[in-house]
Structure formats: C-alpha cells, structure tokens
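The data below hold one chain only, encoded as structure tokens and taken in the form predicted on its own.
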C-alpha cells in the first residue's frame, strides 16, 4: 500500500492542473497549514497511520478536543458548521420552536428549505429515523446517523482542509450535495460532511477540443442542480444530459459517478458518458485534473464506478448537443374490470414492454408503474413515453401503430396528441422535495435479450407479474444506453450490464421501517427477495443500478459493478490507501462496516474495521 501511495504522489506531483472556475483557484497551501499539522497533505503528515478499530467517534478518546475543532474552523474561515436537525424544533428541548415546527409540517415541502439545509438528507431511514418531523412526537430527538459537523464548501481550499483533517484525525468523511441519495451514502454518525451544494457555476464553450472530441461543451460545477442547468440550456439553445423529473438532483456528484440515467439515455447515453474532463480533490488532499490524458485511472473510475469512493469532484467539462424537443405521450389502463379482464390486462402489459423496446430504438424512453390490489384480482398500469427529438405531430404519428397493437390485444386506449414533456426543461425553480423514505426497494437491469427472445420474454413477464401480485409496486424505465450511443470518450467504469440493458426497474416494498425492529425489517427484506430472486434468475447477465438499489443487494460487487470490480478495487487502493472515502456497498467498502446498537443496517453508529 505504501509503494502504491508513493507512486501515486509522484504522478500527482508531475501533473499540472487546470481550474474551470474561480473558486477552484483558492487552494490550501503551506502558509495556510502553518503549524496546524492536522490539516497537512497526506504526503506531508508525520502522524502515524491509525491502527484503531473504528473511526474516531464522539465521546471516545480519539475524538478531537473542542480547541482543535475551533482551530479547524479558523482554518476554514468560519465554514465549519454544527447545524441542528430541522425536526428538533418539534421536540421538547433547547431547540424547540413551535413556529418553525409548524412551518416544517405545512409549508417547507413546497419551498427550498430542505434542499438548502446543510444537514438534511431526503431519505430518512439511513439516519436511524431518530428525529422525524411530527406534530406530536413521542420520545426525544437524537442526532442518530446525521453528521456531527458540516463544512460549507465554497472553495477548493475548504474541501482540501476538510479532507486532510478527516484523514489525519481518522474521522469518517461523507459528501452531501442536494441530499438525494437513497441508501445513506451522504450521511453518517460522527462524520464530517463536506457540503458541495453552493458550488454553482456554468460556462458554455461553443468550441472545445480534447483528444478525439471537437465540438461544443460546457464547464459545470458540482453543486448545480438539473433545474438550474435547464435554464442555461434555454439561454444557450443547447441540450445537456441531466436528470429529468427529479430536477433538484445535482448531476455531477453521485448521479454521474453511479452512471446517471435520463430521458436522453437512448439517444446520447448515460450521464457518465458525457464527461470530457474532471477537477477532483483526492484523498491525499491534492487538487488534480482527470481526463483521457491525465490521471486516466481516476477518470475511468469516477465515471460510473460508484459514488463517494475515489475523490471529490468540484467541476467537469461535459458534452453539449443541439436543443431538442421531447414529446410526452401518456398511457394508462386498469385490469380486473368488465372492460379489461385481468388476463387481458397482463397481455396489455406484455405488449407495452415490447412497445417500450421499439421506443428506445428511435431514441426514446418510457417510465411505467404497475401495482395490484384485491389479492391480484385488480391491477393498474400507467406510463409515459418520452420521445426525444420528435415534434408533437411526429410523436402522434409514430405512436399510432403502437396504440393499434394494444387495441388488438383488448386494451381500449386511444392515441392522443402528445404534449411537451413536463419532465424535460421544466425548471419549477427547484422548489419542493422533503425528507421521506422509510421503505425498502430493489432494482434490476434487464438485458435486451430478455425482450428479443420469446423463450426469455415469457418467464421475464411472469416474474414481474408474480412480484406485482405479491404486493410490490413495479417501476420500469425503458432505456437503451448502448456504447455506440455513448460516443467519445467511451471507456468508463459503468457496469457492462447497462450497455446491454433495455430496462432498469425498481421494485418497491410498501412496508414501513419506521418503528420496526431489525428482525422485522430483515424479515420484510427476505419476503421481498423471494420475488426479486425470481427476477434475478430470469435475467442472467443483468445487474443493478447502484444509485437506485437495495444497499444490501445480494452479491452487490457483481450486481453493481460486474466485470469492472477488480480493476476498480485496484484503483481504489491506489488513489485512497487510507480508505478515507467510504460509503455502503461501494468499491472497497468491505473493509469497514457501521456498528449500530439496534442491529439495523443504517448509518447510526461508528464506522469500524471488519
């Protein structure tokens, strides 16, 4: 490990970096460090490597004294925060604030409150649900799996200082951007959280040349949210591959690092395919450029190799495309009625999935939901087709034959004139989004062969039906992000199954984990996995999308990374020999685990070596 670290530093020392934005030119230097060795770069720190079984945790002897935290805050120019959990305003204690609590309960979800809050994460169960927002809460509000400190990063210097301090003091480090992570990779008890939310800069480059690429591009910072990028798209009359629908997701954090799907995936590939260059703070504290010519392994890993693992991206240069129209075609029907008997319903569902494949062939995508009730005797289906690059009239003409095919199997639906997609270029000023999420879900990437081969298609549809009739809601997303759609620079750490997939699907369990024991939660997961295992069995060569998945996915190394895992594990050891960057079910995470008192798989406990 030491040899790898020395070699890495020789490489980094020889690299000249570029900056995309002014905030990146403000960097940590020797004068800033002075005699505060705790923020020294990895190559300069003279302290011994920690042999402690666990990361330093509040209340233990390893936790820094208040004077050290105060000195860190001075080095950060006051950017070190200890924010209260917003919901603490609803509980008896020194932070109780009835007016604020009423605001949280009635109006915060329609505002930017939670998105602009430094501590809030939008999926609650990973924190241990120790302080949910309630009008009449019982018990007390404890910090649980929320981070102990937050660095409000507005410069690279802030990030480098926090990285060096956490590494040298053996403190858990997490990164939070817009707070959208589903499985707890953006929070952790006893952690320092680097909040990247305020790094918001953009520059359009009409001509950009790098390697084989010669075309328009954009410089983008990691704190930008999709809705903000939509506004720049309108200003410059361009398109950029960013999340659709969930417009407050920040594209160039975990979304891109986990691959990143969107309604343009069948046309231009995944989010990770768009990146031409990255600016990164590494575990050593260095600020480097990663692209096809510089730090190539780091560039490979950060594009689809999993979030919160290899470094902290501050900005990127990404490809842009001509402005395009996306036409939206809705479709819904119900089964178990006199008009549509239940078997006819499922025949319609089967037909829809084949239509979805055809839609991806013309660069479109589709988003469906299937649920059942009355012990499977009734069911509902809804979807929207997103036709990228088609006008409304073109979309109407294209969809007519597909509606005819649904009519032919007994589904009485009518083709209507499409509308402009409400999921594309819909800024809504970034309002909305509030903490929630107390249930589990799993996901699967379906290989295209499962739709091409009737012998595979039938058992695939049967497995989906069985899961729905068992009470799980099925959310299928048709994309075709093949390598030929991805274009330059091509090779990335994206799981190979994505390239051969026709559908990414989530299976949602309605079982609420709030107030349940670890045994009850494990039993619920086991019941769900009975049906997920049937889906996995009929999709050999598939996998799962790491950003939308069960954090306890069986055989997660293969499901999330496939044949890239071995290479990624080697890169991880080279760029982060300290295991500073850790998140559940990511490359190298086997070395540590969170120890929780209640036995639940949350982030509410110290991070310890396994």
Ligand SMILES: Cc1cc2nc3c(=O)[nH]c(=O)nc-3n(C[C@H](O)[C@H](O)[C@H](O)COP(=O)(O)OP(=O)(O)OC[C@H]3O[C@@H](n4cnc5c(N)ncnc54)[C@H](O)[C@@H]3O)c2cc1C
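Numbering follows the first chain given and starts at 1. Worth saying up front: this structure is predicted, and the values here are computed from it rather than measured.
The next section is about a form of this same protein that is not shown, the form predicted together with this ligand.
> Thinking of 182, 185 and 222 as one candidate spot, does this ligand come within 4.5 Å of a heavy atom in every one of them in the predicted complex?
Judged in the predicted complex, 182, 185 and 222 all sit within 4.5 Å of this ligand.
> At 4.5 Å between heavy atoms, only one of the stretches 58-66, 34-42, 546-554, 565-573 reaches this ligand in the predicted complex; which one is it?
The contacting stretch is 546-554.
> Considering non-hydrogen atoms and a 4.5 Å limit, does this ligand approach residue 308 in the predicted complex?
Close contact exists here: in the predicted complex, residue 308 approaches this ligand to within 4.5 Å, heavy atoms only.
> Just to confirm, residue 146 within 4.5 Å of this ligand in the predicted complex by heavy atoms?
So residue 146 does not count as contacting this ligand.
> Using a 4.5 Å heavy atom cut-off, state whether residue 255 contacts this ligand in the predicted complex.
Yes, residue 255 sits close enough to this ligand in the predicted complex that at least one of its heavy atoms falls within 4.5 Å.
> Applying a 4.5 Å heavy atom distance criterion, does residue 285 contact this ligand in the predicted complex?
So residue 285 does not count as contacting this ligand.
> Counting non-hydrogen atoms within 4.5 angstroms of this ligand in the predicted complex, say which of 241, 175, 329, 301 makes the cut.
It is 175 that has a heavy atom within 4.5 Å of the partner.
> This ligand isn't shown here, but in the predicted complex which of 153, 503, 366, 249 has a heavy atom within 4.5 Å of it?
After the contact test, the surviving option is 249.
> What residues of 331-364, in sequence order, lie within 4.5 Å of this ligand in the predicted complex by heavy atom?
Stretch hits: zero.
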